[in-house]
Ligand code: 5GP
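The chain below stands alone and is given in structure tokens; this is the form predicted alone.
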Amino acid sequence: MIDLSKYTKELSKLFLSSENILLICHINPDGDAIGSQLALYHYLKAKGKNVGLMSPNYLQEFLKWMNGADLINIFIKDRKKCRKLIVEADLIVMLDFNQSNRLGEAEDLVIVSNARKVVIDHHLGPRNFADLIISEPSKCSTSEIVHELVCEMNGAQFISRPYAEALYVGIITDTGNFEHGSYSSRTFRIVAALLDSGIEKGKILNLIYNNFSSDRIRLLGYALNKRMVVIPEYKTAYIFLSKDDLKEYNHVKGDTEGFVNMPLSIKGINFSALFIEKDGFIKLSFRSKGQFPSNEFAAQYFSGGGHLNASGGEYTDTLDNTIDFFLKVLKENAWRFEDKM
């Protein structure tokens, strides 16, 4: 574990000396990406800074209620405005990702920008594409890192309602409401302070986890009943959904959030995969229990990565061929399952 305080002096100087700060989250932003982005935004605005917000593509519906979410400029929706934000920025802070390709269409513009660049992230294996990289994989979320940095820069704990809500969303979504991830006693102390500040835990949980359409619930039932395969000998289960499946249940972005976790509730299942058919490729999500490195599995076979117990990747082939390949490499790695689970 690193001492984050060693970064705060340089980070403070960058914030103080910058006139136009741009905060960018990763493509297909999740709760931690938006939570950490908005938390830092609210802190910097409280300090009187000029701050812009950008996402490479659209937010998921269950995150749009957050204070400041409506201020996030969507690159694929308004390329002209987003290009202007990038060009005019003298400091760009990228949150919750450590590879430049997570910028989507904005990648080339950000890379060639003359702005100073900062990465704040908690994923393994950061690439060198920024002037300052603050990376700590031992933290459960980028939101937790942002809070540690903010408190250090502020000289004391900083709390406002929008800031606290954003942090709370980031922490609970990246841990599955504390079902997985590298959270620690420090994480719970942070959460306790956020709750003490007066945020409405029940309201936030409802907005995040109980805010889906009836079509989404029916899709989940269909996925578990018709599209889940259990492989007891490998302590594995997987779910697959075709484009036709998604269309039939009026799928919207974010509807399959959490599906990959469901098979882990089956007794004896320690590894779960979700296959989603996209245009020209298959999106994969992985979850595991224990010490089986789902991130290494994702990186080795599916051009992906992530955390020990939560990762993802892609495979450019048909849905059937992707599943066949998954089963092949699953069999090849059977010895690792026995050893790690």
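Note that the structure is a prediction, hence the values are computed from the model and not measured. From 1 onward, residues are counted along the sequence shown.
The protein also exists as the form predicted in complex with the ligand; that form is not presented, and the subsequent description refers to it.
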item	value
Touches the ligand in the predicted complex: residue 99 (any heavy atom, 4.5 Å)	yes
Contact of residue 293 with the ligand in the predicted complex (heavy atom, 4.5 Å)	no
Contact label in the predicted complex: residue 310 to the ligand, heavy atom within 4.5 Å	yes
is_contact(residue 287, the ligand) in the predicted complex, heavy atom dist at most 4.5 Å	yes
Candidate from 227, 251, 123, 180 lying within 4.5 Å of the ligand in the predicted complex - any heavy atom	123
Listed range touching the ligand, judged in the predicted complex by heavy atoms within 4.5 Å, from 300-308, 64-72, 37-45, 50-58	300-308
